[in-house]
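The chain below stands alone, shown as structure tokens; this is the form predicted alone.
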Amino acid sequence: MRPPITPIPPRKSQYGIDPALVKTRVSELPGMTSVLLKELFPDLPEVIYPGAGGVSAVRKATEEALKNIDMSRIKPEHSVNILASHHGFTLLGGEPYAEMLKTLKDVIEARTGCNNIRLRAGVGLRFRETEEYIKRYGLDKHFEGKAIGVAPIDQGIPIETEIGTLYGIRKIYDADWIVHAHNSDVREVHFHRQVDRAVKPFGMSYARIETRSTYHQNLGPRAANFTARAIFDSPFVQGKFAFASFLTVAPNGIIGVDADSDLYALNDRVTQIGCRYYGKMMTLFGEIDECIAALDFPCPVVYVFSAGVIYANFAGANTDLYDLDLPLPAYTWYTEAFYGKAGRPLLKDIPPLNPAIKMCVHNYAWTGYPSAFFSEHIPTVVVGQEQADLFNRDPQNLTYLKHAVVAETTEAAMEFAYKTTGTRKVLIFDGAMGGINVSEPLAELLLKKAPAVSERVENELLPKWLRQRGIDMSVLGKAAS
């Protein structure tokens, strides 16, 4: 067995406890090991990060991708907004995404003579989050004071679309041109179901709260996808859209950078990556019969990472989140709304949360996202009174601790979980790069199950998933090249 991979370190943030309070990482405990993702799925693509080239490899890949982009419409006297989203800064430490953003500015400036290039970084429910990232990665200095975070409660701008008036954030669109700078990581596949993933930020990070709320509460995880497409297709946005640049990501790391002035062509390639590579990891996680889920990553509860899969996705891994024939995942806000006061779903179409998760050990994860649904339905142990107090003060998590218990230390929490559940299988959500930190019994199970999962995805599930999304199988070869 391999030693554990060093997890992503704690970060100083208003949304999490002081990093000094994180005394022990779960991967440091006895019986923990790691599995390289290429051991599970040898056909995963080669990555440029993590790697010997560091973030310089990301800069080089961005420069190479931009060679194919026509920037002739951008004039020296124009203004350009590079649009970012908070999620990119949670990938592999955040440095790769920050480097792509910096390179975009440098290349646009060098090729067009335009020096009024601004960064607009959108958020979700943590309105100050991207402000922290802008300072942490030196983006305020690189953009010469023209880097700001924008929130869905900021001043809006009406956008006339084919379905009526929708609302964007004014500061997103206050330039002559916009560059859509995003990533291919699937993240909330339980929400977007890998439908128009590349277009999603136009209805989310770049939208006013009145419009983005349709995504979560009004229309459900599939029907809502057309709002982002409607905004992007509007004459207003099309008149400003210059091109898109995506950090392409697989569960084992950064593959490269993909840039295109045709966002829908890029979306097809993003969809293939999401279905093929992340689909294998999620399908493999669905083979886990029992485990303790350990949260140990600087993100809100639902967004902590393990092998590129977030906890919210693992909570629904008992179903196929990519199969559009299945109407509702086990978890979305839309799904959660159909639970009655007795704590049970009122619709027979709603599957339960993943019964393989016998307990959750919340060693380190942030506030800033309503997470009580998880502690209510999955037995949860929170490590440290300071972390419990932080959640009790968070308006979005006032009942999280009503369904959880508090342990003084990581060691005590894990011992309690072992004794209570009877399982020694542990899946650690700590963002380990290139691999996955797990307990030895779970490592054995994953290595045993992976070959059959890979064959099933390639020969059965992937063709079905792409067909459901209207994507020609030939895109597989294009994306691979």
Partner chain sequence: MKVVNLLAAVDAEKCRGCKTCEKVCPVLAIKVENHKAVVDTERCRGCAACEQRCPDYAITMVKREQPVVVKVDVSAVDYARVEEICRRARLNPEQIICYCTATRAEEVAAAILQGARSPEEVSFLTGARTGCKVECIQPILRLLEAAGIKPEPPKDGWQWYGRTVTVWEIPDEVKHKYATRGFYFDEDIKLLDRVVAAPLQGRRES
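Model, not experiment: these values are computed from the prediction. Residue numbers count along the first chain shown, from 1.
Below, we turn to the form predicted together with its partner chain, even though it does not appear here.
For the three residues Val195, Pro345 and Leu398, a heavy atom within 4.5 Å of its partner chain turns up in the predicted bound form in every case.
Among heavy atoms of Asp349, some come within 4.5 Å of its partner chain in the predicted bound form. Although the partner is absent here, Ile153 lies within 4.5 Å of its partner chain in the predicted bound form, judged by heavy atoms. Ala337 belongs to the set of residues with a heavy atom inside 4.5 Å of its partner chain in the predicted bound form.
None of the heavy atoms of Lys240 is located within 4.5 Å of its partner chain in the predicted bound form. Residues placing heavy atoms within 4.5 Å of its partner chain in the predicted bound form fall in a single listed stretch, namely 466-474, out of 5-13, 466-474, 18-26, 453-461.
Site annotation in the predicted bound form: the residue of Gly93, Pro370, Gly308, Gly286 reaching within 4.5 Å of its partner chain with a heavy atom is Pro370. This chain lacks the partner; the member of Glu386, Asp262, Glu162, Glu144 within 4.5 angstroms of its partner chain in the predicted bound form by a non-hydrogen atom is Glu162.
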